[in-house]
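A single chain, nothing else alongside it, follows as structure tokens in the form predicted on its own.
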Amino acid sequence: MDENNIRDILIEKGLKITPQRVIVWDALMNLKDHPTADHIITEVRKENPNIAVGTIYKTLETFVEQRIIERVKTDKDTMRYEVVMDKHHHLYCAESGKIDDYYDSELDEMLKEYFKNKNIRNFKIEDYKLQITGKFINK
């Protein structure tokens, strides 16, 4: 999926191309770093002050439902959003709230093998994503 062309993504997902969806997408692309809904609202309203907050939330929810973006929940129960849909994990700094994407194919393979034959009662594993909590250190 080409992350930069929302029109193609919306067509692929069978969704209408609306100005509101394009505006919310542009805000996500500008913010990039796992923004909260409040950050997205602030970004949208810089150029489009008349867009209703409910419209922004509804657009985010539609994007999540259609797997255009994902929600990322932090330890502090803050809901964040991300556009990157590649297989990856997260490094989460509990002190600052910062989230970085973490790519590790060896870890992916290890988790895949681990869960391959796991039978968890009344649960079907569809995906897995680790959130590694720690503290970013400046060297």
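Think of the rigid core as the biggest set of C-alphas that the two forms share within 1.5 Å after superposition. Just so we're clear, the structure is a prediction, and the values are computed from it rather than from any experiment. Numbering starts at 1 and follows the sequence shown.
Heads up, the form predicted together with another copy of the chain isn't pictured, but that's what we're talking about next.
When you look in the predicted bound form, the only residue of 29, 53, 110, 84 with a non-hydrogen atom within 4.5 Å of another copy of the chain is 110. 73 is the sole member of 58, 39, 45, 73 with a non-hydrogen atom within 4.5 Å of another copy of the chain in the predicted bound form. Interface residue remark: residue 63 is not counted as part of the site for another copy of the chain in the predicted bound form, having no heavy atom within 4.5 Å. Mapping the unseen interface onto this chain, residue 7 falls outside it, with no heavy atom inside 4.5 Å of another copy of the chain in the predicted bound form. Using a 4.5 angstroms limit between non-hydrogen atoms, residue 129 touches another copy of the chain in the predicted bound form. Not displayed here, another copy of the chain is kept clear of residue 116 by more than 4.5 Å at the level of heavy atoms in the predicted bound form. Contacts between stretch 76 to 94 and another copy of the chain, counted in the predicted bound form as any heavy atom lying within 4.5 Å, involve 76, 79, 91, 92, listed in sequence order. Once both forms are fitted on their rigid core, the CA atom of residue 16 lies less than 2 Å apart between the shown form and the other one.
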